[in-house]
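Just one chain is shown here, as structure tokens, and it is the form predicted alone.
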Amino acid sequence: MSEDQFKHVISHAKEYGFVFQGSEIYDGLAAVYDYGQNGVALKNNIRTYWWKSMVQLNENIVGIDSAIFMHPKVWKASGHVDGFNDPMIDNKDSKKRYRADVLIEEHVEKYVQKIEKEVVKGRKRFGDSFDEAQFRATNPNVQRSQQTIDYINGEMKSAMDSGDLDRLKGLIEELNIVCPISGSRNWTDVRQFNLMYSTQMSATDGESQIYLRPETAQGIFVNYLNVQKTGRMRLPFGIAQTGKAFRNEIVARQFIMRMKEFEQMEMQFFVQPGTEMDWFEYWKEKRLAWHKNLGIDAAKYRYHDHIKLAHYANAAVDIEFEFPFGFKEVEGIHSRTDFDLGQHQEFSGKKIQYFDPERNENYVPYVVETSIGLDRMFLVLLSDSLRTEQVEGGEERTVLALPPALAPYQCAILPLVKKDGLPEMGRAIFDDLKLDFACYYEEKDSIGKRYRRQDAIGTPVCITIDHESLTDQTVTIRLRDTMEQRRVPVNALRDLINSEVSMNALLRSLS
């Protein structure tokens, strides 16, 4: 994977109506993007897949939609007002700003890649007799790289845990980390930078300063009692939510990977204290299975344990995906203990507990969280699905091989010509199918060009109406991934398309 491939993803996203630069006619707004007509359809389908797999397939998980604006004490209780900071460092020559910990993590990744290259060479050398675990434990080159990784991670964890910003800068200097833009080591000191956006409410509301929420999780925690009581929920149970969050990111880059306004899909799972680690492992495996169920190469995913745990967590792991620019976090699974509910109980003065009839006692539940970035998952699918293929005659086609159930359109209706009654028949088919599927209708250009356009936006099935269709009520079906074409009766279209694009089939394979 390469920078050129990532540029191709970005240009394709704009050319085919997936993602536009925010406020583009005014030269754009940094780290803000708008989703176009195909992008919003794909985004909605990803959200639906997540929501149904989380809420519909689990009888003990329900959903809510909490407000973006919340009482400012919420963010004091959660620790965001005092502790929602990132360590910031500037390069004096390029004038670019970076997260100090991310610079170090990217340096560590170079050693990780060195190890992976050694493993690949070892596999080629030893063939079927290759024992990867033994190789990693005994190969001198691997061992040297791993020792370096362990040293750097240990030093960074110690500096982050203690809040020693001078030590963090010292580590950057010790490792000779250079600015990616200027190539220089001319760094400022490391400073803490609060990521929350604040705004004002009218003076009559009492609390004049409020915040745009930096996460959706707190809206779930403050509604724990409402949901538990009205839903007659018994532990363990979960509350799911999707929605916008806002962070004044130090380094907002890599397209929609890191934005100031983004969307999260989160589920907080409330459990009996002492069982949280079992549920942490359960959701860790369950969430990775959700990703793999989309048909993405499993080798592109990996777990990454947190070096530094957040103040509320006793365990945390990221699910990372190999983007064109390297492995990056897509989803996090965290064991949040009873920190959040306990804090809100203390700051609100309201009792937030669960009465356990089996144990005959009250207690504050523990929480296991799954949190995935919808925009990042969107980028996963674009990055993984976009490919250029050789076809007959030496031509190339660009195809967005999205999971069919998530594609912006499930089928396209394409009359061969714009006359002789073919458009009328095409419109009749469109009207018949549009209640069950997202359909695209197009008459313009040659059928070959139209096929290429549908390939580029990811449409799994094309339906071509020709003169023969008028006499025998059959049409030509063309499948995106194989380019296979065959004649089928019009009255068989619904079942055929459903077999190719069914969201239910995708969910069934998950459950």
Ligand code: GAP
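Model, not experiment: these values are computed from the prediction. Just count from 1 along the sequence shown to find any residue number.
Missing here is the form predicted in complex with the ligand; even so, the following discussion is about that form.
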Q: Sort through Arg258, Lys284, Lys169, His107 and report the residue having a heavy atom within 4.5 Å of the ligand in the predicted bound form.
A: Arg258
Q: Could you work out which of Glu322, Asp90, Glu118, Glu249 is the residue within 4.5 angstroms of the ligand in the predicted bound form, going by heavy atoms?
A: Glu249
Q) Hey, in the predicted bound form, does His344 get a heavy atom within 4.5 angstroms of the ligand? A) no
Q. Do Ala100 and the ligand come within 4.5 Å of each other in the predicted bound form, heavy atoms counted?
A. no
Q. Taking heavy atoms and a 4.5 Å cut-off, does Tyr441 contact the ligand in the predicted bound form?
A. no
Q | Contact of Glu424 with the ligand in the predicted bound form (heavy atom, 4.5 Å) | A | no
Q | Interface segment, criterion being heavy atoms within 4.5 Å of the ligand in the predicted bound form, picked from 143-151, 404-412, 325-333, 169-177 | A | 325-333
Q.
Could you pull out the residues of 365-379 that have any heavy atom within 4.5 Å of the ligand in the predicted bound form?
A. Glu369, Ser371, Ile372, Gly373, Arg376
